[in-house]
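Take a look at this one chain, the form predicted alone, written out in C-alpha cells.
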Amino acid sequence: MLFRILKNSFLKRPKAVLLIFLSITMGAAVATAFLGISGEISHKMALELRSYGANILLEPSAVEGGFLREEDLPKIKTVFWKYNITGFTPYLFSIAEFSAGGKKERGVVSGTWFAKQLEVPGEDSSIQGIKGIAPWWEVQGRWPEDAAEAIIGAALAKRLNVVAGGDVTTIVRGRSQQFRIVGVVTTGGYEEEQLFAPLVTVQSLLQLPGKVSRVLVSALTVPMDDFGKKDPATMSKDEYEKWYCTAYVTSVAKNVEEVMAGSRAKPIWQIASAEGALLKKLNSVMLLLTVLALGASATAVSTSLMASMAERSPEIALMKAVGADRFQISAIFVGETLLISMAGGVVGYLLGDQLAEVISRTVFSSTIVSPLWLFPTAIISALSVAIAGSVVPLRRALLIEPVRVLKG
C-alpha cells in the first residue's frame, strides 16, 4: 500500500519531485566537490607555498667555527619523510672585500648549489639548489654554469657599479678569486648584499674543502597543532611514534637532524607558522562553503515541500479523516523525500566528482583521485539535506485539521 501511494505521488507531481530532486542533487554535488578537493587543495597549496622559501634551517651543532660536511647532504633524501622534502641547498659564506672598476666594497661571498644533479643510492636522481627552493628570486641575466661565474645581489652590484658581463674580484684573508658576473639578483632581502658563486669555488677560496656553513631545507608539512608543539622529550613512547610519523615541521626537522652528523635542525617559524595558519584557514573556508551549500539546498527543499504540502492539504486531511495516524502520514512524506534524496545523492556524487576534477584542472593544472569515502559522504549529505528540509513542512502537515480543510 505504501509503495503504491509513493508511486502515485511521484507520477501526479512530477514538477515538485523534480524541483526537490534538483535541490538535493546540487547540494550533494557541491558538498562532494568541496570535500573532494579539500585534501588535494591542502596538498597543492602546500606545494605552492614552498615558493615562499625554505622552512627548515640546518646548522652545525658545535660551537663557533663548526661546519657541516657536504658529503652528508645526499642523506637528506633518505630520511623517513624524504618524499616530503621538495628541495634543499647548502651555503658556505664569509665576509669578503669586492673590487670592480676601481671601486672596493665589503660584503658577503656565499658558495652554494644553483642546480646540482644529486645522485642518491637507491633513489631517483634529483636537482637541488637555489633554483628549486627560491623560485621567487629575480635574476637579470642567467644562472652560473661555470666554476668562475657568479651572480651578485642588486644592492652590492649598485655599490660596485657592476652589471651582468662584468668582473668582480673577491678577496678573503689575503686570497683572491675573480668571478665573471652573469646575473644580478633581486630578492628584496639581505641576499642583495651578497655575491653567490658555486660552492666548490668558494670552498677552495676559503680553504674549506667539503665544508658547509648551513643548509636550507624546503619540506611539505602539516599545520602545527597543540600536540605537534609538545616537547618530544616529555612524550611517552606511543606519543613519540605518533609525533614522529606525522609530517609536522618539527618532526621532519628531527628526521633531517638524525642523518646529518654534528647538525642541529630547527624550523624557520616565520614561514612555518604562516603556512600552517593559511592552510587551517583554507580548510575552514572549504568546510564553511560545504555547510552553506548544504544549508541552501535544505532551504530549497523545505520551500518546495511547503508548497507541495499546501497543495496536498485536502489529501492529508482525508487521510486523517479515514483514520491515518501521525506515524503513517509521516512515513508517506518522509519516504517520498528519502527516495528522492537517495537518487539525488547518487547523481550529486557523480556530478560533484566531475566538478572537483574541473576545479583541479583549472586552478592547479592537475588531476585528482576521489577518495572512497566520498560516495557515502554524498549519500549522507543528501539524506541530511532531505531530513533538515522536511522537518518544518512535515510539522505543518501534521497540524492540519481535517474539519476545517474538508469544509473548505
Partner chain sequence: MVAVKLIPQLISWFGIVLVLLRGFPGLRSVVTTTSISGFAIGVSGAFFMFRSLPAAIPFGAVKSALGVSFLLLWGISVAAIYRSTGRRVTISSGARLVNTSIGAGTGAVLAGIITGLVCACRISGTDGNFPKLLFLVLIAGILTVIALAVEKRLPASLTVSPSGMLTAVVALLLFCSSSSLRLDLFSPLSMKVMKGVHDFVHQFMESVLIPDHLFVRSVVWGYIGLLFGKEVGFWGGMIIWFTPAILIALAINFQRLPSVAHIRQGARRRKLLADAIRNKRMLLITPLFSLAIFAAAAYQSSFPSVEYWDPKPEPVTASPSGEIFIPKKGEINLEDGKLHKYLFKQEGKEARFFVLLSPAGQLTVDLDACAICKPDGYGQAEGSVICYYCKTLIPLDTVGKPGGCNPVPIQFTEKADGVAIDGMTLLNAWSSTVRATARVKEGGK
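Positions refer to the first chain, counted from 1. Nothing here was measured: the structure is a model prediction, and the numbers come from that model.
We do not show the form predicted in complex with its partner chain, though everything after this point is about it.
Its partner chain in the predicted bound form is not approached by Gln140, whose heavy atoms all lie more than 4.5 angstroms from it.
Although the partner is absent here, Phe80 sits close enough that one of its heavy atoms falls within 4.5 Å of its partner chain in the predicted bound form. In the predicted bound form, no heavy atom of Ala148 sits within 4.5 Å of its partner chain. None of the heavy atoms of Glu71 is located within 4.5 Å of its partner chain in the predicted bound form.
Picking from 96-104, 234-242, 109-117, 190-198 the stretch near its partner chain in the predicted bound form, with a 4.5 Å limit on heavy atoms, gives 234-242. The contact with its partner chain in the predicted bound form, taken as any heavy atom within 4.5 Å, belongs to Leu220 out of Val184, Ala300, Leu220, Ile268. Screening Ser176, Asn84, Asn161, Asn283 for any heavy atom within 4.5 Å of its partner chain in the predicted bound form leaves a single hit, Asn84.
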